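Shown next as structure tokens: one chain only, the form predicted alone.
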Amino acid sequence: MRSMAKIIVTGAAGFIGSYLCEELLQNHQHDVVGIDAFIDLSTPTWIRKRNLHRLLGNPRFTFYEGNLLHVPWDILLKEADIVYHLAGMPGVRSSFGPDFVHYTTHNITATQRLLEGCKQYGVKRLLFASTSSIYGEKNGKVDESAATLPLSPYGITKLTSEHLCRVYYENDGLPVVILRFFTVYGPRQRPDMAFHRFIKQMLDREAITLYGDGTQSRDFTYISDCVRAVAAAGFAAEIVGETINIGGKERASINECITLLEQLFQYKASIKVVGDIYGEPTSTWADITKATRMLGYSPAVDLKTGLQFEIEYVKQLYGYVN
């Protein structure tokens, strides 16, 4: 590689993407180009633009607003060393019904166009952000060899994109690495995600809206742990062609999470059950042995600490006074 690495991050204004750009820019040998089209309907554009505030003043960061279906790869991918592909249409529940067309367009078609561009311009590594949703319902700890049986159209589109990455790796030698994220949380988390929603409802002294009975459990991954692993995957040796789980330090049920929030807020929340869990597994649990071995990954932030950081963020975001 040249002394300066040119790195592309798609979905740069998003939750994980914006933090990843900041992490990459900690190395002064990196120039980062962030791409985002602000298509995520679950996050207002003003929040996504706010996510970019720390980046826009950095002379080694360039932001390009554009849809991956139409952006000029001859400009963006020319001399690019590494591409982190985090852009896409998120959300499990909203992937059912007529909005599915947006998932096929932005998760599958856009990924295929990016793969073609990376192939054409000789990108040295492509990191694809996938999800634990591709595993479906599993018991116990899950490693990367587990059968993939998604429960939602969203999961299907992410698994399809994984298969596309594999096709370009096998047929064209495109240097692809697949990263499967497990319930990433923390400051800048999307407003539709449970922790963000719970915290805002508690700040407003409203009932927490709960899907299911709260016994469903998740492997929660704090954002700073996640982005350190993702950044490392761009440079780690001998991982091209691999699929790697990125999980967290602590698993918990949703009820246990609500109890932690009650401790942090120092009041008991009221709960309103608004429906059953739909399109989601009852449990996720990442085996991160591979990430530890290949990336030196060791998640550090416990759930209570991470929730406190997210509470402070939500307060600032919406202008709550302490």
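We number the residues from 1 along the sequence you see. Since the model is a prediction, treat every value here as computed from it, not as a measurement.
FYI, the form predicted in complex with a small molecule isn't displayed, but the following is about it.
Proximity to the small molecule in the model of the complex, defined as a heavy atom within 4.5 Å, holds among L295, I39, C257, V33 only for I39.
With the partner omitted from this view, the residue of I244, I199, V184, L114 that lies near the small molecule in the model of the complex is V184 [heavy atom within 4.5 Å]. The candidate stretches are 128 to 136, 208 to 216, 92 to 100, 144 to 152, and the one lying within 4.5 Å of the small molecule in the model of the complex by heavy atoms is 128 to 136. None of the heavy atoms of L20 is located within 4.5 Å of the small molecule in the model of the complex. Residue contact with the small molecule in the model of the complex: R190 places a heavy atom within 4.5 Å of it. In the model of the complex, the small molecule sits beyond 4.5 Å of every heavy atom of V301.
In the model of the complex, G11 approaches the small molecule with a heavy atom inside 4.5 Å.
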